[in-house]
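Take a look at this single chain, the form predicted alone, given in structure tokens.
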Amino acid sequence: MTSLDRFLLTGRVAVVTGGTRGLGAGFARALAEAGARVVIGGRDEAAGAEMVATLADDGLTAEFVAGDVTEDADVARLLARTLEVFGRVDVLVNNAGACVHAPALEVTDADWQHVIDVNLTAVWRVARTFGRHFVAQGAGSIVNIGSMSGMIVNRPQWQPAYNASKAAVHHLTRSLAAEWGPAGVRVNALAPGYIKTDMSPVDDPQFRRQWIEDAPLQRYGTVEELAPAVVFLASDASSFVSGSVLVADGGYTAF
């Protein structure tokens, strides 16, 4: 096997939660381009069907499973449907997320709970469900999507619940890697910086001073730049990497 061959996911099955748009859609496409058959989890059935059709047009294999990662039954169905359609699962990308932009004194209990439920509790729930299967089969790779916000405090757009949830995801990643490593299961996290998506106003002039000019690379990133990092963490190219948080932020957290 050559070094480049180690990045291939041919014959493997990858599940991406929140995979119908933004980062998740980019991750799903990258994994499929690397050879994986991909299962996309999400709540928007129309967007899911469109994503599957778009990948199919490019000769890539994908399946959509509708569901909410905050619901136990939906998470169990995501795994069951993956095994039913493809007969196996090798990779989980825990990507579904939520954010409330508000100063701490304006964050309601409902806001806080919503962000924690989606960004942390659901990551735990999905990782545990798939992790149980991976431990039993003696192999598997989990990639939790964290954020540089788990390491720094974003400004001027305050988001205390999001920051706390992502910091917790990073340490949960290490905890699971430590427990499941002996069973052949790797668990890592990817911590993106400012990445342009339909939901992220990275090119808004009001944020340029703090978001762009404070980064060593002096720009935001793209989904296409970030997605190969997920392929790396999912594939044999990172076979000796576990419990790590890979930061992809244009150098932002260097300061």
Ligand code: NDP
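Keep in mind that this is a model prediction, so the values were computed, not measured. Position 1 is the first residue in the sequence shown; the rest follow in order.
This protein has a second form, the form predicted together with the ligand, left out of what is shown; the following refers to that one.
J.: Name the stretch, out of 103-111, 88-96, 180-188, 128-136, where some heavy atom lies within 4.5 Å of the ligand in the model of the complex.
T.: In the other structure, the partner sits against 88-96.
J.: Which residue, 225, 33, 68, 214, is the contact with the ligand in the model of the complex, using a 4.5 Å heavy atom cutoff?
T.: Exactly one residue meets the criterion: 68.
J.: Whether residue 195 contacts the ligand in the model of the complex should be assessed with a 4.5 Å heavy atom distance threshold; does it?
T.: Yes, contact at 4.5 Å.
J.: Is residue 243 close enough to the ligand in the model of the complex to count, meaning some heavy atom within 4.5 Å?
T.: Residue 243: no contact with the ligand in the model of the complex.
J.: Answer with yes or no whether residue 79 is in contact with the ligand in the model of the complex, where contact means some heavy atom within 4.5 Å.
T.: It does not: once the ligand is placed as it appears in the model of the complex, residue 79 has no heavy atom within 4.5 Å of it.
J.: Can you check whether residue 58 is within 4.5 Å of the ligand in the model of the complex, heavy atom basis?
T.: No - in the model of the complex, heavy atoms of residue 58 and the ligand never come within 4.5 Å of each other.
J.: Counting only non-hydrogen atoms and a 4.5 Å cut-off, give the residues of 152-176 close to the ligand in the model of the complex.
T.: Heavy-atom contacts within 4.5 Å come from 162, 166.
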